[in-house]
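First, one chain by itself in structure tokens, the form predicted on its own.
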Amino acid sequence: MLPLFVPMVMVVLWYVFSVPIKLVPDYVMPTPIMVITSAYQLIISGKLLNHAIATLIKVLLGLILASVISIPLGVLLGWSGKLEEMSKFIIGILRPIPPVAWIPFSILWFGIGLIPGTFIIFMGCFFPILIYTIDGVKRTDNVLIEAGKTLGTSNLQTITKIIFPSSLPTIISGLKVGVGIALMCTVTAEMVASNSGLGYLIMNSSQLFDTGSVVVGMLSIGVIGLFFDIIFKKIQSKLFW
């Protein structure tokens, strides 16, 4: 019950300041009762589930695509100093560019819908996962690599049997960071370049001054993030403990 203590206190304070005291109008900050009512309506109508599924699909597609490309590339760059040196300049230029800056091009290239949102998520997740993978490879103990070479391992065997397993904890940490970035990118992209998803729900509800639904959409994103965090913790506990 300890993790629930702070949220419960926050809800109580929220109720006190929004209902009896009425510190701010309802359309500025909805009351907990308004949020519960909006959640009930969205759940009964099926809209919340549909938007959540649309967001999850974008997150998973973008994260998988980013992982499939950035993890092998990160292993190669971390393994080969020459390749890393050759790529430093382009990575240094592209990495600081915010994913939202790609939204105009995503709309021009892919239109509105699933693909532009997936593209934005891909751009947001790619570099964090890549950097974490490179760092994980570089943290591999040289003693393990030298021991493998002594036993006659090839470069491919060294990468697959020694370096990748050794860097896996750091890679998973990069994936956890990538999920958080993916959710932020998804919501931003859905507000502009989508007709479905929790970001679309938030933007559409805010235009209608339905602040209760806005909070429901925000909390749903938090629940999805918590769900992914629990999954990664389970994976880490199974693999590394």
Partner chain sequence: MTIEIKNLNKTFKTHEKEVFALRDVDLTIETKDFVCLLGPSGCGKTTLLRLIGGLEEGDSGEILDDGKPIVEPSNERGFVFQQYSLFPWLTVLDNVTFGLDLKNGSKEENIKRAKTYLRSVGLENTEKLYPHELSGGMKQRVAIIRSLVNKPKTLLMDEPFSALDIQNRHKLQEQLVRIWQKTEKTIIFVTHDVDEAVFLADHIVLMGKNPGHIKEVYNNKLPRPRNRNSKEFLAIQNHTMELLES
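Positions refer to the first chain, counted from 1. Bear in mind the structure is a predicted one, so any value in this text is a computation, not a measurement.
Unshown form predicted in complex with its partner chain; subsequent notes refer to it.
| request: Check whether Gly148 has any heavy atom within 4.5 Å of a heavy atom of its partner chain in the predicted complex, and answer yes or no. | output: So Gly148 counts as contacting its partner chain.
| query | Can Ile107 be called a contact residue for its partner chain in the predicted complex at 4.5 Å between heavy atoms? | reply | Heavy-atom contact with its partner chain at 4.5 Å: absent for Ile107.
| request: Considering only heavy atoms, tell me if Ser87 and its partner chain come within 4.5 Å of each other in the predicted complex. | output: No, Ser87 sits far enough from its partner chain in the predicted complex that none of its heavy atoms falls within 4.5 Å.
| request: Using the partner position in the predicted complex, report whether Leu144 sits within 4.5 Å of its partner chain, counting heavy atoms only. | output: Close contact exists here: in the predicted complex, Leu144 approaches its partner chain to within 4.5 Å, heavy atoms only.
| field | Sole residue of Gly111, Pro98, Gly152, Gly81 within 4.5 Å of its partner chain in the predicted complex, by heavy atom | value | None of the other options qualify; the answer is Gly152.
| query | Exactly one of Leu73, Ile115, Ile91, Ile162 has a non-hydrogen atom within 4.5 Å of its partner chain in the predicted complex; which residue is it? | reply | So the residue touching its partner chain in the predicted complex, by this definition, is Ile162.
| Which among 131-139, 154-162, 118-126, 73-81 is in contact with its partner chain in the predicted complex, heavy atoms within 4.5 angstroms? | Comparing against its partner chain in the predicted complex, the contact stretch is 154-162.
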